Structure formats: structure tokens, C-alpha cells
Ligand SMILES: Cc1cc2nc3c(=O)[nH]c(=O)nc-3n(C[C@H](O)[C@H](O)[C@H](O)COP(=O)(O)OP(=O)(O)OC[C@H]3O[C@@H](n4cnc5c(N)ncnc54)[C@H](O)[C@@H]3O)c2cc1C
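Next up: just one chain, as C-alpha cells, the form predicted on its own.
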């Protein structure tokens, strides 16, 4: 099995009458009914196997493989990817806890196709997990849960739900625990499903809630340790945030496909739209955003294996930046489509409005952009460029970002919650120096400016004064600059790690790298004079025969047999 095989299957299922038939999925969206046929097809194909670690009977060995699979589904319909992939997110706490008995039990159900939900948020609590009021109190050998989790994806359809509950009335960082609740095993009447929540996007997904009314659960429902729930959730979020951005990449793939078709056939003032330099540059900028997002996502997925102790930082950057990059890409494609970006009944283009609506939720999943950026902001003093880093013990970045590199086994016991070092951005100087030795198409000049911006960032972070409470606006802006520096470093590292790809169309003369670096510099407030020319080149690439699927490596990451 491989991601390319799944993508081919989804293409077949997208024919009229198939479970991914766009007309069928549009009807589900309109009626706000669950896309059960599409999810059943994915179950039958075996996608749930890839949500379960290999040691528990599944096929989850590499995070970049899960990435490729979710991206392939999202490239056809984002709602289906959200609805099905939620099980991976719901199970992450159980895998991360390292409890073999609980993991083995849950694995059997997931492999059988049982959906799993993740109940973190509560009404009027937002992302402030420490204010949660769902409680769990001891009852003999078990526990009794009370309160509401809302909104929750798959809350109604999922037989199992992972719940973060307050086990110490005083709360605090050690006052919460995680429970895996089997709703079918709770006493009748003690678990109630809350009504489906009408949403702007992913309208056919099961976004609802669950209420516990003194619901008794057995002792083995406790996942991890009493009081260890918040730490367990924070570690699990590092995995799910990396997985979430695959949804953004899939949405970006779908949008670029629509935009490419429109540019090729639309005529304006007697000329093809594709022949207008401004339209080409807009399209090229959209391509650059997609490829930079892919470089960051690829780096994060590999970092989960190679430097998991750094994933608290890497996942926060990735989740803050990638959905933002793709949302901007969708805006650019919408600008090209004009009125067709709003019309739902236009053959070939009617799906764009749904993509744009659906994608807005990705930026909110598992911590919004603000939440992730604020987490990074509080870590800046420990990550400051120029600060002597803790020594690393793993392989160099440019080695583990090789496309053909076999990543280290996923070791969730190495996840941490405190920032330790940043191997990617820490390698920036070395990466820029290597590029200068063999400058592809002028990318070295862009890289040198990025290095200057990185040095400036270090000076600004050093000037920060310790402050209690939420990060100040100025600190949040520094965190955003850190994200752009990281993105540029990730692009340079992916380039350096894969010389075998340098003769591919998107790589020749450093084309995608120059686009990625130009975007990163723009994010840092510097517009390179060569940016327009680079985006025009990328626009021409999109319109060429090689632009049918814009991706760094041409084909999705293959899934091992």
C-alpha cells in the first residue's frame, strides 16, 4: 500500500456515483449530513491501520507516511479527511502514555474501524485547559465523570472519547488526568450527546459535544498517571499538530489544481489569463506558499523521529505557520478565480468556496495560531539565536531530511514540554555557507539576507525583559519573526539534503527555494527586489506540464509495505 495508491483509489471513488463523488459530498455539505460513504471506503482501504503503532498491530511507523495519506484524502475533500483523521488525534494520548494494556485494547477497536474522539475544550473555556471544569472523582476502584466537553469532533459517532478531566478540585498543572471513556460501557443515561453544532465550514462533520452525568468508568479508563493529564495532553498535541497541517497541504493541492485549470482556459481582453504577468505572479506566489508550507511540514514530520525532544517548539511553529501560509494561498487562488470563487454551481470551480470555508477550521484545531505562537513566545529566551545551545546528540539536519532517509523509530518517551534547542534554525549559518559555495540562481543572496535577519532577531530577543502573564504584543511579533526564520532554515535544509532532486523542474536553479526564501523575507518585513521575477517563474511552472501536481518530491511519501 502507498499514498499514491490511496490517491489513485480516491480518484476512482470521485467518479459519478462513487463515495467521493463531488456531487455527493456537496449534497452532504448542503444537508449537513455525515459523509459516511467516503469514510466507509477509507475504512475498507485500511486507513485506520495507519493510526495504530506497529507494536500494537497497526502500521503507524512514520509520521510522514500518515502525513501523505491524510494529505491525499484532504486533496479531494477536506471534510472527509477531518472526519476520518480525527481518530488519529483522539488516540494520540493513549499511544503517548506508553501504557501497553490500554494501547493494545484501544488498538483492537481502531483496527476494527471504531472512531475515537478527543474531548479537550469546554463551553466558555476556549483553549484555557487549566480552567476546565469536567471533573473526575474516585468511586471505589473507578471514577465518576461529570461535566461537558464541547465542541468535539466525532463526539456523537465516536464510541470512545479521550477526556481531560479535573481530578484535583484545586486544579493547577498537576490537577488534571486523562481518561479513555468507552461510551458503550457507561451506565445508561449517564452520557448524553449534545446537538450537532452548525459550522461555517466542514458542515457535514460530526461537530457536537458530550455531557457526562456522574458517569462511572473503571479504573483502567485512567490513561497515564493521576495528575499527569496536562503534561500528557501537551505531548500528544505535538504529534497531532504536525498531523493537522497535512489537512492544509491537501487543501492547498486541491486549490492549486482548480487555479491551474482556470488560468489555462480563462480568456480576458482577448488573451489567456495565464498570459497576463500579474496573474502569473499571483499564481506563482500561491505556489511558493504551498512549497514553503510543505518544506516546514516535511521537516516537522521528520523531527518527530529524529529530535522528538525539540518537538514542543517545532510543532508550535509548524501549526502556527503552515495553516496561515495555505490560507493565504487560498486567498490568492480566490483572487484569480474572481466571481467563481463564490459560486457553488459552476462546473469545475464550484468546489473552491467549500475548500476555503473548510480550511478555516485547520488553523483552530489543536490550538489556534495565537495559542501556538504564544507558546513559542514564552520559549524565546531559551531559543534565542546566538545563545549557546544544549549539545545535540542526533544526526545533522541535512542528513535526516534526505527524501530516502529511513527515519529513526518513533520514540514517544523522548517527547518533552520544555524547549531544549532548535537544531533546524541552529544550522542556519552552516546551511547558508554551503549554499554560497554552490549558489543556485541567486538563492545565496536571499539566504544571506535571511541570516542577517536571524542575527537581528537574536539581538531583539536578548533585549526582552522577563514578564509574568501572557506574552506582550512585541514578544508575539518576535515569535512570528522566529517562525519565518525557521521556515527559511527548513527550506534551506531540505534543499541541502536532497542534491539528487536538483535537476527536477521545481528545483532547477533553486526555483522553489528562491520562492520560499523570498516569502520568508517578506514575512520578516523585507521585500527582495527579485521576488516578482521568482513568482513569475513559479507561475510558469504551475502552467507547464510539470505543474499538474506541485510538490517538492513530485509524488507523495510512499508508505512502507
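These numbers were taken from a predicted model, which means no experiment stands behind them. Positions refer to the first chain, counted from 1.
Here the subject shifts to the form predicted together with the named molecule, a form of this protein not shown in this document.
Enquirer: The named molecule isn't shown here, but in the predicted bound form which of 252, 488, 229, 119 has a heavy atom within 4.5 Å of it?
Expert: Contact residue from the list: 119.
Enquirer: Taking the named molecule in the predicted bound form as the reference, which of 86, 289, 280, 71 has a non-hydrogen atom within 4.5 Å?
Expert: For this set of options, the contacting one is 86.
Enquirer: Would you classify residue 207 as touching the named molecule in the predicted bound form, given a 4.5 Å non-hydrogen atom cut-off?
Expert: Output for residue 207 is yes: heavy atoms within 4.5 Å of the named molecule.
Enquirer: Does residue 374 reach the named molecule in the predicted bound form, with heavy atoms at most 4.5 Å apart?
Expert: Result yes; residue 374 sits at the interface with the named molecule in the predicted bound form.
Enquirer: Does residue 98 make contact with the named molecule in the predicted bound form, using a 4.5 Å heavy atom cut-off?
Expert: Contact with the named molecule, no.
Enquirer: Should residue 127 be counted as a contact of the named molecule in the predicted bound form, where contact means heavy atoms within 4.5 Å?
Expert: Contact with the named molecule, yes.
Enquirer: Report the stretch among 428-436, 358-366, 131-139, 451-459 that approaches the named molecule in the predicted bound form to within 4.5 Å, counting heavy atoms only.
Expert: Careful reading of the contacts points to 358-366.
Enquirer: Heavy atom within 4.5 Å of the named molecule in the predicted bound form: which residues of 124-160 meet that condition, in order?
Expert: Read in sequence order, the residues that approach the named molecule (within 4.5 Å, in the predicted bound form) are 126, 127, 151, 152, 153.
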